[in-house]
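This document starts with one chain, in the form predicted on its own, laid out as structure tokens.
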């Protein structure tokens, strides 16, 4: 086990050393996805604004309208990032087959490439989220700094999540379709836009027992309710440690087998 962990850590270190490669590839991917469009990557911002605008109009109400808009905007911002990661991770190594078989890049490079893509895409959504918060005149307080910490925790959880799902997807191709359906359903089972009022009954069960709730709350609560979500922060940090504890041995065990499985 010690050799496997050492091999995995060496793979991660080498990928971090090659950060210029996966940053450049991720930026190129974003550009290629919006090639020849008028707005380019700003479609990512427009898509977010259209989506959140629809939710605010349909589900918002006169009472506490500004607060609900901030609640939904922050919740959907984090969920879109989670949805992007979960929806793309399972098929990652299959998509990167030509690179994996044709180069000697460390396997973690492809994980960090997808991580960077999602961070860039979410950066445009963050601009839209900030615009809505300013438009709704949500007071900016020192507590907002905890939301910055929350973003760091969420990003730190991303590479091991991608790696675990990508390895499962390489051995079990149906996983990509399972995850695509799961994220669609998960949006309604996670308090992205609901939960603003009292959560009781089945809603209460979904709210408190859905682990994604806490990743939303560590970002949302400091902004919307001006409170520090201590329990949610602790829970998310434990999840991050568990994910890395699972991902590192798996990387050491399967990193040389992936080329033969895809």
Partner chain sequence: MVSISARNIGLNYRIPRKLTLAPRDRRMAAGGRIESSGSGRIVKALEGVTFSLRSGDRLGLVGPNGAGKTTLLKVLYGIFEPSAGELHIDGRVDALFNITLGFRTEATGRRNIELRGLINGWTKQQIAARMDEIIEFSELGEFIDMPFKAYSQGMAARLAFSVATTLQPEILLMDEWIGAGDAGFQDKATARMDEIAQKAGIIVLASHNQSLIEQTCNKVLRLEKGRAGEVLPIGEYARD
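Just so we're clear, the structure is a prediction, and the values are computed from it rather than from any experiment. Residue numbers count along the first chain shown, from 1.
Missing here is the form predicted together with its partner chain; even so, the following discussion is about that form.
**Request:** Counting only non-hydrogen atoms, choose the one of 78-86, 188-196, 163-171, 124-132 that falls within 4.5 Å of its partner chain in the predicted complex.
**Result:** Going by heavy atoms within 4.5 Å, the stretch is 163-171.
**Prompt:** How about residue 103: is it within 4.5 Å of its partner chain in the predicted complex, going by heavy atoms?
**Reply:** Yes, residue 103 lies within 4.5 Å of its partner chain in the predicted complex.
**Message:** Although the partner isn't part of this model, could you tell me whether residue 98 comes within 4.5 Å of its partner chain in the predicted complex, counting any heavy atom of the residue?
**Reply:** Looking in the predicted complex, residue contacts with its partner chain include residue 98, since a heavy atom lies within 4.5 Å.
**Request:** Decide whether residue 245 counts as a contact residue for its partner chain in the predicted complex under a heavy atom distance cut-off of 4.5 Å.
**Result:** Residue-level check for residue 245: no, no contact with its partner chain.
**Message:** With a cut-off of 4.5 Å between heavy atoms, is residue 5 one of the residues that contacts its partner chain in the predicted complex?
**Reply:** So residue 5 does not count as contacting its partner chain.
**Any residue of 15-29 that, in the predicted complex, places a heavy atom within 4.5 Å of its partner chain** = Those in contact are 18, 20, 21, 24, 25, 28, 29.
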